[in-house]
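Taking the form predicted on its own, here's one chain by itself in structure tokens.
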Amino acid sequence: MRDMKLCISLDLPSAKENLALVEQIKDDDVWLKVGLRSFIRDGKTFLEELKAINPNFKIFLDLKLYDIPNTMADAAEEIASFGLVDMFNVHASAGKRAMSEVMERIKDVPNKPLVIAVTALTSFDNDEFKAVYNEDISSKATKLAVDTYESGVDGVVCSAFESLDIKKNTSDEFITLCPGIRPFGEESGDQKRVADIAFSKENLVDFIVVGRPIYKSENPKEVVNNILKNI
């Protein structure tokens, strides 16, 4: 198994606050997650500012592309052309053709980013998920992951509860990135399917995504160091 990686969500209300947070952890071996809010507000310039703090930072652009196949592939090509993004995501629900077109479009890009696909959002509980997909999370997430794997995509976004089953049905090398991680059992907030570090390790999670337990702490650097020691 690869070493589990920490991906920090940059979800603060302004670029200034996010950059101040990153300055505190600039010497750590972490990934940085830039989501929809931050990217809409701060754009490509924000990605450049992150890399300026430490060029070795890895950036995960979390935009969850979901559209017709050609539009998704166009967007993926634009993201890859930045030369700043190390990983981005799409929605597995867009289907195998869309995911395959994304991978085909960026296959020759130098330093091609990793691509992962969202299976079931971790804000869903089972009843909410079933109302949309007419199937339980446990079975549908794995089916979507298999579609993703067969489309040549590098991995999936899932909860830690699905990680092991997804790897069993795809490959040990198929990436699982898991949001909603509360490293040491912190308050879950709006996330429904949360897990801690120990559970994530047991279930062979490759990336844990942590936001509020870090950026709401009085000492984010200390929290990051504690997480890194435990993973």
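Quick caveat: nothing in here was measured; it's all calculated off a predicted structure. Residues carry their position along the shown sequence, with the first being 1.
Only in words, not in the display: the form predicted together with cytidine-5'-monophosphate, which the text now covers.
Heavy atoms within 4.5 Å of cytidine-5'-monophosphate in the predicted complex belong, among the stretches 23-31, 199-207, 175-183, 41-49, to residues of 175-183. In the predicted complex, cytidine-5'-monophosphate lies farther than 4.5 Å from every heavy atom of residue 151. Interface membership of residue 18, defined by any non-hydrogen atom within 4.5 Å of cytidine-5'-monophosphate in the predicted complex, is ruled out.
Looking at residue 221, you'd find every heavy atom of it more than 4.5 angstroms from cytidine-5'-monophosphate in the predicted complex. Among heavy atoms of residue 119, none comes within 4.5 Å of cytidine-5'-monophosphate in the predicted complex. Annotation for 42-62: no interface residues with cytidine-5'-monophosphate in the predicted complex [heavy atom within 4.5 Å].
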